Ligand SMILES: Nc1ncnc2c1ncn2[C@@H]1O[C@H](COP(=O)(O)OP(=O)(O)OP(=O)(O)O)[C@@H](O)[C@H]1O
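A single chain comes next, written as structure tokens; it is the form predicted alone.
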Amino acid sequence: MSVAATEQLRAFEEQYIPFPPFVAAKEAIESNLNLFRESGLARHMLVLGEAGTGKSSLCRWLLAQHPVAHLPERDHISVLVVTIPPAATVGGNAESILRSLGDPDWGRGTITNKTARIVTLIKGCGVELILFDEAQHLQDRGDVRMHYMVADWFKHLIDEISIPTVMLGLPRLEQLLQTNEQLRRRFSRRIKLALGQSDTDSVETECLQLFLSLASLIHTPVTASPYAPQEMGMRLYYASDGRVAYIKKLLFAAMQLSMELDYETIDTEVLERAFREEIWVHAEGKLNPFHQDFEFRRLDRGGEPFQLSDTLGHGRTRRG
């Protein structure tokens, strides 16, 4: 593959996907940040979405818009992104925040001492907004009593730092808030990162619009032939389960195939192969959304790419 082709792939991969819920979440978070800067009022928010809906991309976008300023005396961190580790204790969560703040002794001290250092460093580094990514991990460990303790520590921390915070996680994050009414009240504002929320367009239409928007960034022509637009939208919905990251993964794989095999057009045969190679290796015939014999159902059964675990509840119904 040529250097130019590699550069095209890299540029495509770095593109953010500004679908409406992503834009709404970004604007709401920026609004909270501006409110804090103007009035000192700290408002908090919950951003929920399945895997592949853009939560981590949203964090990266906001961090890119508010990069760390490396000053001689201390880094100025306007927006802090903290990734919550799986099954962490209260102490483990505190250590994750300290690492994100650049504390070289993040593992030292009691929980009380670590919490105090977090508060000191946040104020010293000029942090104005914290994004807690993968926040569903706050409830991965222990029983309801442990969940209450984690939630109570988290509530105490955000009260102490008095700046806007955002928790981003899988929908089951709401279960943690059910264990602590005070924390639930602080995160009463919630935004869902998901297609299918439009009052005017079906989720299939949204998938098609997103696909066409991303396809416009590719040098190789993309065609839906022989499928009509409405049918192509349905096939894209089933190929992505309505998750934006999978539409992008699909196009990236198709783009790479077209470059490696010198195709002049990305058509549905290329998309069929790209789905099989990038998303589900067992996608043959009626189980491949781009095959003419596809049976038009969600691929969420056991062993299929969008299988839901028990903790995520039952599959949702496709909007027509």
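Start at 1 and count along the sequence shown; that's the residue number. Quick caveat, the model's predicted, so the values are computed rather than measured.
What comes next is about the form predicted in complex with the named molecule, which is not displayed.
inquiry  = I'd like to know if residue 245 sits close to the named molecule in the predicted complex, meaning any non-hydrogen atom pair within 4.5 angstroms.
reply    = Yes, residue 245 is a contact residue.
request  = Determine whether any heavy atom of residue 56 comes within 4.5 Å of a heavy atom of the named molecule in the predicted complex, and answer yes or no.
outcome  = The answer is yes: residue 56 has a heavy atom within 4.5 Å of the named molecule.
query = Is there a non-hydrogen atom of residue 307 within 4.5 angstroms of a non-hydrogen atom of the named molecule in the predicted complex?
reply = Contact check for residue 307: no, nothing within 4.5 Å of the named molecule in the predicted complex.
task = Indicate whether residue 50 is a 4.5 Å heavy atom neighbour of the named molecule in the predicted complex.
result = Flag for residue 50 set to yes.
request  = Determine which one of 92 to 100, 222 to 230, 245 to 253, 196 to 204 lies within 4.5 Å of the named molecule in the predicted complex, judging by heavy atom distances; exactly one does.
outcome  = So the stretch in question is 245 to 253.
ask   = Pick from 66, 60, 273, 286: which has a non-hydrogen atom within 4.5 Å of the named molecule in the predicted complex?
value = By the 4.5 Å criterion, the partner-contacting residue is 60.
inquiry  = Using a 4.5 Å heavy atom cutoff, which residues in 164 to 189 contact the named molecule in the predicted complex? It's fine if the answer is none.
reply    = Sequence-ordered list has one entry, 170.
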